[in-house]
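Just one chain is shown here, as structure tokens, and it is the form predicted on its own.
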Amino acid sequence: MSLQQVVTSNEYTHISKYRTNSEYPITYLSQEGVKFAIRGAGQQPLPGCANIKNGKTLDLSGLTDIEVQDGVISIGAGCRWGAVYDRLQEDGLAVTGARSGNNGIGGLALAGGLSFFGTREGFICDNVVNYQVVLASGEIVNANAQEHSDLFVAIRGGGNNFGVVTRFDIRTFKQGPFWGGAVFYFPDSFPGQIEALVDEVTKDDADVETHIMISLFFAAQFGRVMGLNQVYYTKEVGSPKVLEPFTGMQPQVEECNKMRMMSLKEAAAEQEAMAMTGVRCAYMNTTIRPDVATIKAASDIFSKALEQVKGFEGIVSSFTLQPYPKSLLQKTNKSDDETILATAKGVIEAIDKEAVAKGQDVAYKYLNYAFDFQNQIGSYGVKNKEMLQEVSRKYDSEGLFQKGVPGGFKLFT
């Protein structure tokens, strides 16, 4: 959980827990005019997204039921992905879910969601076959391709704007062990990694079994900039040739090479172990076309900006390229927020300007990695935003989830 959310909880928020799919909390909050937030696992660090000052937080952590039946896993909104993978491993199954076992279900399955299997299976939300939703009226409905199909479309990427999702039903698939892990190397090799990534993703026959993330990062505890690749091949094939450009660079930190055969459970546990929790953190992202010159320019912008924040205690700052690029910051002290966030915002804006100049810009901003200065809903385009607004008027005519739930990205701003 982001430390910003913890501080908000400790100082301002009363937590309301309930273990049944009851409409009571929604009708109570609506009738009382109380502003509130909705928290599953509370991992999205956007301030106010999973907690609220001077209001109430609807905590779904008691909803932890998991059931597997007929090719679908039903997951309570309070679960974390590690528990889901534990259950699926018993049957030799997998699902498009978070890459870290500690992450919660809702933030990803409502925002799009990236997974180890994204190249092959699409976004996490693409694999949800049904959402159980408590509407503003207190009515509990199923949203799927047959029932409330407009809500089903809107909620996939619509965040917390339409109701409280209490259960997610997601398609499963057979999955055995796969090859993957992490490789640490030195920054002189990063431009070559950009070239390799662009070459792979622009191939007409790009391999759908790959999942590739490459990063340039600075960590205060290391005192230097390093490269990090986290790469996976989702079939039981050792050392596949397609990953060699991302694992074979030299020099590298050989003792930190983690490439091996692993289960989904093990891969998620490794990602969880590498992540930092209980720190002040912020995600910001932009989307550009896979163009070597533009991405190298973005990397240079990030590297120059690092000089402004390297001196902060405990700073970890990362420029990460994946199917949708992101810039991620993790930090320690609240007093550092203004400088660090302003620097990160400047990096994103400079990258966007460079992409526009080179004709490589893309409007889309991925919800899970967006920050408060970004027009995330607007990045879907005018027609899609209007569609979301229309669904909101239909299912939430009084605007409870627009006015009463101020956190996140709203539809009418």
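A quick note: this is a predicted structure, and the numbers were derived from the prediction, not measured. Note that residue numbering begins at 1 and tracks the sequence as displayed.
The form predicted in complex with a small molecule is left out here; the points below concern that form.
Of the heavy atoms in Arg99, some are within 4.5 Å of the small molecule in the model of the complex.
At least one heavy atom of Asn368 is located within 4.5 Å of the small molecule in the model of the complex. In the model of the complex, at least one heavy atom of Asn160 sits within 4.5 Å of the small molecule. Using a 4.5 angstroms limit between non-hydrogen atoms, Ala355 is distant from the small molecule in the model of the complex. Distance criterion of 4.5 Å from any heavy atom to the small molecule in the model of the complex singles out Ala77 from the list Ala298, Ala77, Leu264, Val84. Gly104 is the sole member of Gly227, Gly104, Gly181, Gly118 with a non-hydrogen atom lying within 4.5 angstroms of the small molecule in the model of the complex. Here the chain stands alone, but in the model of the complex its contact with the small molecule, taken as any heavy atom within 4.5 Å, falls in 368-376 among 64-72, 382-390, 368-376, 343-351.
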